[in-house]
Ligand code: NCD
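Just the one chain here, laid out as structure tokens, in the form predicted alone.
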Amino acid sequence: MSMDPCPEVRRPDGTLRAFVEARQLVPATILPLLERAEALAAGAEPKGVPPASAATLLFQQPSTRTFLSFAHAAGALGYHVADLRDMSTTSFEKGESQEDGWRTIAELSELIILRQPSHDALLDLVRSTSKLARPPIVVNAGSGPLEHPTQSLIDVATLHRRKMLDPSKGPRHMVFVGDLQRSRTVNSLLDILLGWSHITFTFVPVAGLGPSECRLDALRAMGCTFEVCADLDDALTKADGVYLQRLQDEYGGGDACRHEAALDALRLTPERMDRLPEHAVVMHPLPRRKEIDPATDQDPRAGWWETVHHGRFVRTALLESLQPARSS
């Protein structure tokens, strides 16, 4: 069962207008999106938007992959794409309120893709724009340390391609490694994977940066099997999927030097890759720092560049699905 963060994410007819949290989607709605993304990657024609439709990419946090793949996805559907990334060039610098600035963007856009340090502020945008005569589609491109739902869709697409989501193949084991406390990609991916009961979890965190209690409580509530351990080498021998995460030190907290040293001990090297089963897949949302040896890039189990390449097709499929029904 999907869980909407507020009623305003849906139109009066019940269709989804805003995708802001991973838990809004469940396997029954995710799998068709992933199949559509595969079709787009194979050359299927995107379902275009009405002429003169405008998309605004409002990125108030840094981004490379997410920004580019959303820009390509919106362009593929026929949106006229504009971006706001340097707030010093906007009227916010003249004292314009956030509410007025967002209202301006909403009046000029059929689609708003927002990367924002505050998840609550993003939800405020969804609520306030729902009252407009023509509410825009709103998509979360990352909100602080809490949510990155489209990245989790892309990660799930990689798992789907590697047959990790098929319960008929038997139980599957996911290993999460690194800074698991402040990672929005880990949070969102866990929320989505709760829908697949055949997956069990092992967490190998940097000391003091384990998964949040609310995520562990959710796993317990769903009856999921999980463990938190410190032995990465042993965990890798039993892994079907591995998800690595760098230190999220942009959000503060903890001892950065101590954490860096601890993460060095969890570095993925070719020797560690040799511990993995041949069918396993290793993912990382990027950017990476020291936690992956670039010498592992050519290993067939390395999935991070595959995830980058496929991201624009997953995001194109998502934007297609959020289009309102057209009257005939």
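One-based numbering along the sequence shown. The structure presented is a predicted model; accordingly, all values stated were derived computationally and were not measured.
Separately, the form predicted together with the named molecule exists; it is not shown, and the next lines address it.
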(request) Would you kindly say which of 185, 116, 202, 158 lies with a heavy atom within 4.5 Å of the named molecule in the predicted bound form? (result) 185
(message) Going by heavy atom distances of 4.5 angstroms or less, which of 259, 36, 65, 272 would be at the interface with the named molecule in the predicted bound form?
(response) 65
(message) I'd like to check something about residue 246: if you look in the predicted bound form, is any of its heavy atoms closer than or equal to 4.5 Å to a heavy atom of the named molecule?
(response) yes
(message) Would you classify residue 287 as touching the named molecule in the predicted bound form, given a 4.5 Å non-hydrogen atom cut-off?
(response) yes
(request) Would you check, heavy atoms only and a 4.5 Å threshold, whether residue 151 touches the named molecule in the predicted bound form? (result) yes
(message) To test your reading of this chain, name the stretch in 264-272, 50-58, 28-36, 278-286 whose heavy atoms come within 4.5 Å of the named molecule in the predicted bound form.
(response) 278-286
